[in-house]
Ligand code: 5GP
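Single chain ahead, by itself, as structure tokens, in the form predicted alone.
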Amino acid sequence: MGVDDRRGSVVGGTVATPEEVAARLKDERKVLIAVHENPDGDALGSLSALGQVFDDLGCSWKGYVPGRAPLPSEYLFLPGLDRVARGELPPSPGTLYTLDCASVERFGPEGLQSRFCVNIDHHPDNPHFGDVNLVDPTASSTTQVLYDVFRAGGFPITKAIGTALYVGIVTDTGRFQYSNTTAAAHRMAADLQDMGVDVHDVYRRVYESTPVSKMMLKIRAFETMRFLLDGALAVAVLRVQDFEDTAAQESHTEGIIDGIRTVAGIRVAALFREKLVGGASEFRVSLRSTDGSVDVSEVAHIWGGGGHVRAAGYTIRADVEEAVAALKKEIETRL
């Protein structure tokens, strides 16, 4: 076990700098790039950007996203997403690169079997599960970590690569509004814009192309909102029937939690999404802390989840009212 002096993280695997990861990229010949289930803009932006760099380096690569639900439509304009495998983790004799995965469970424990893994992430609770780990919790997004790698390696950042990097940082910072928006994030965005990234086009594609089914699902979620603990906790629930009635996919839930957290007086927002597993209800729970006074990653850890102080998630198999009551109890002890 060692300590990364630059970031102060106690780790169990090998810790790498952006320069060391950049040198490794140049030596790769065949890789698999995996991101987490229910991928967001940072995950898919990271996959697209790294894949394009591997193309430029002459390295053969495939992408992997767990699950079978369609990828979010607003990100399909990013290059390389047509090379992403779904379902079971595909075989690969080369290096496994995991991007934006806070834990092994986000892409499947089987992924580490007989594979050399390079773990690139920005989540503070990442346990450094890779053989090589570049985890920078000060970065606003995983694409910011990759941006540092590309700059360290002297890799040309084309407009297409820059656009993928920008998608990751603009979505993970909530359009540069969340508390993780740093001066470094703004400098990166400005640099990418200087390289030709059309920020208005990104905004239009990501935020002004909402499918009707996603909008109807959002309405369903807002209709279920209830306020607990004197309004400090807001909870919304989406059942399987809501997805069926609106013809919506799991990917259409992205961004709903951010709408819930905007209500005045809320300190924690929660969105429960039901999924049937073996006939039993399982709920994926997204949490947001509006002012950071409640560390929702601590709450998520109770049920095997994780994330950031202000944004986290977990999965629980229980009756929804029992699950809400359990969450309410944990939040109440932290207010």
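One rule holds for the numbers: they count along the sequence shown, beginning at 1. Note that this is a predicted model, so its numbers are computed, not measured.
There is another form of the same protein, the form predicted together with this ligand; it is not shown, and what comes next is about it.
Peer 1: Which residue among Thr181, Ser103, Thr95, Thr246 has a heavy atom within 4.5 angstroms of this ligand in the model of the complex?
Peer 2: Of Thr181, Ser103, Thr95, Thr246, the residue with a heavy atom within 4.5 Å of this ligand in the model of the complex is Ser103.
Peer 1: Verify the contact flag for Leu327: yes if a non-hydrogen atom of it lies within 4.5 Å of a non-hydrogen atom of this ligand in the model of the complex, no if not.
Peer 2: Leu327: no contact with this ligand in the model of the complex.
Peer 1: Does any part of Gly306 reach within 4.5 Å of this ligand in the model of the complex? Heavy atoms only, please.
Peer 2: Because a heavy atom of Gly306 falls inside 4.5 Å of this ligand in the model of the complex, the answer is yes.
Peer 1: Given that this ligand is not shown alongside this chain, does Arg267 nevertheless sit within 4.5 Å of it in the model of the complex, heavy atom to heavy atom?
Peer 2: Residue-level check for Arg267: no, no contact with this ligand.
Peer 1: Check whether Lys62 has any heavy atom within 4.5 Å of a heavy atom of this ligand in the model of the complex, and answer yes or no.
Peer 2: Looking in the model of the complex, residue contacts with this ligand do not include Lys62, since no heavy atom lies within 4.5 Å.
Peer 1: Within 4.5 Å of this ligand in the model of the complex, do we find a heavy atom from each of Lys30, Leu50 and Arg115?
Peer 2: Spot residues vs this ligand: no contact at all.
Peer 1: Tell me which of 22 to 30, 50 to 58, 63 to 71, 284 to 292 has residues with heavy atoms within 4.5 angstroms of this ligand in the model of the complex?
Peer 2: Flagged stretch: 284 to 292.
Peer 1: If you apply a 4.5 angstroms heavy atom cut-off, which residues in 308 to 333 are near this ligand in the model of the complex?
Peer 2: Contacting residues: His308, Ala311, Ala312, Gly313, Tyr314.
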